[in-house]
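As structure tokens, one chain now follows by itself in the form predicted on its own.
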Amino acid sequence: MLTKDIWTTKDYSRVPFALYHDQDVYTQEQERIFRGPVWLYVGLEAEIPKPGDFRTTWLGDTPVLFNRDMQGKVHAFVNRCVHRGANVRRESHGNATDHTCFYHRWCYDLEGKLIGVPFQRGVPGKGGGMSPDFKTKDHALRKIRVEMLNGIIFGTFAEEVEPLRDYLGATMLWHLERLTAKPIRIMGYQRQRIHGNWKLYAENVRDQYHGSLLHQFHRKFGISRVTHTGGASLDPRHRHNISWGKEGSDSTEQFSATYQQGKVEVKDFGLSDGQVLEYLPEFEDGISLAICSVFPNVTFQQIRNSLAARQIRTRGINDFELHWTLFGYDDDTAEMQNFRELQTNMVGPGGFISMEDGEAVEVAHRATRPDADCSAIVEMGGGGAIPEEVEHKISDIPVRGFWSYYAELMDIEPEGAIR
């Protein structure tokens, strides 16, 4: 059972391995976090553009169905028939005027209301059916409250939760509205199963330190280097994070000297076809790389012209699925579409960059399992109070921010916690 004394520091600069491997911890996470007072990423409105369009997803371990009704309104509900608990929709997406469970054909409208029960009154002359006091209006699919932000769909199971815009905070709002300032066009999807605890990936996307160390592709081709102008921005509660950088803001001499001094190898390799490296700057602020992590289940990426939402779907303490939704904009030129399509090769399970993240998570998960009483050192960038701005790219500070909010939701903040 989790207790407040699990932490050996008050500023979350030591993270106990037990938090990745304890089944009771995972069970509590589903209730306190994924069904708790947070806003979870559900999907993008562009995925369900027409009335009747629907998609299925997962919020934590809960199967979810979201759709657009005939009046254009977006609804989301638990994808589980109220009769015997089967998934109402088993396909990933489609278009329909209602949703009918395959098991016993109970039928729901696009607002989740139960509208049909076969043989509800039995068979004439034979009897059977539901009891006379059974009323379909009392048995809708469990509703998930949704709110939109520039076409991003967020949902919550909680009856009491702060407004979405307050939850995100000004910095996250600025960045998400920056990414969605134009109508989105869905390019496609990728999925990968990673054999590790979901929180290791939540750390990974907040960890600036690994970017140009783990990813040889980053440092070799200048996509992300510690010598670039960059840093991290957090919301006031430190639960969300944007790690950013500006490509080309250093010199070749500065890069070479810094990595040589740090004894970081820069391998001499190239690509037979360099088209994947072509890049067309599209944001006036000059930011070429931004990894925006919104607690607890989504990261929005901008890696050059590659844009995507990465959703974490939990699958137990030892597994999670990473679901990538790749997108561009409706007004993309043919040239920009080509850049985005080529740059999808950098991300996903086989990406030149992100395949290494999955490997790192799996290796760390296996290695930490035998010694649950040990802890990770999360102290790059310093300890103590967690700032909202970090003006360099060598930092674990956003990782500590994640654990700070996690501990609050799980009711395991140490006495005298330093946030």
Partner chain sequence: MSTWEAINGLLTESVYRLDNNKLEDWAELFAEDGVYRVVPRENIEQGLTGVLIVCNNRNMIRDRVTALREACEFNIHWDRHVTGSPRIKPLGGNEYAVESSYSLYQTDPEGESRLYSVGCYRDKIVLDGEAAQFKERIVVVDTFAIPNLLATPI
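Numbering follows the first chain given and starts at 1. From a predicted model like this one, the values you see are computed outputs, not experimental measurements.
Below, we refer to the form predicted together with its partner chain, which is not included among the displayed structures.
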Item to check | Listed range touching its partner chain, judged in the predicted complex by heavy atoms within 4.5 Å, from 166 to 174, 147 to 155, 212 to 220, 100 to 108 | outcome: 212 to 220
Next on the checklist: Whether R55, F269 and T344 jointly form a contact site for its partner chain in the predicted complex is the question; each needs a heavy atom within 4.5 Å.
Outcome noted: yes
Checklist entry - in the predicted complex, does R191 have a heavy atom within 4.5 Å of its partner chain? => result yes
Next on the checklist: Given that its partner chain is not shown alongside this chain, does E388 nevertheless sit within 4.5 Å of it in the predicted complex, heavy atom to heavy atom?
Outcome noted: no
Checklist entry - Does L326 reach its partner chain in the predicted complex, with heavy atoms at most 4.5 Å apart? => result yes
Checklist entry - Using 4.5 Å between non-hydrogen atoms, is E282 touching its partner chain in the predicted complex? => result no
Next on the checklist: Counting any non-hydrogen atom inside 4.5 Å, which residue from G274, G316, G262, P124 sits next to its partner chain in the predicted complex?
Outcome noted: G274
Item to check | Answer option from F352, Y26, F66, F34, heavy atom within 4.5 Å of its partner chain in the predicted complex | outcome: F352
Next on the checklist: Heavy atom within 4.5 Å of its partner chain in the predicted complex: which residues of 87 to 122 meet that condition, in order?
Outcome noted: S92, H93
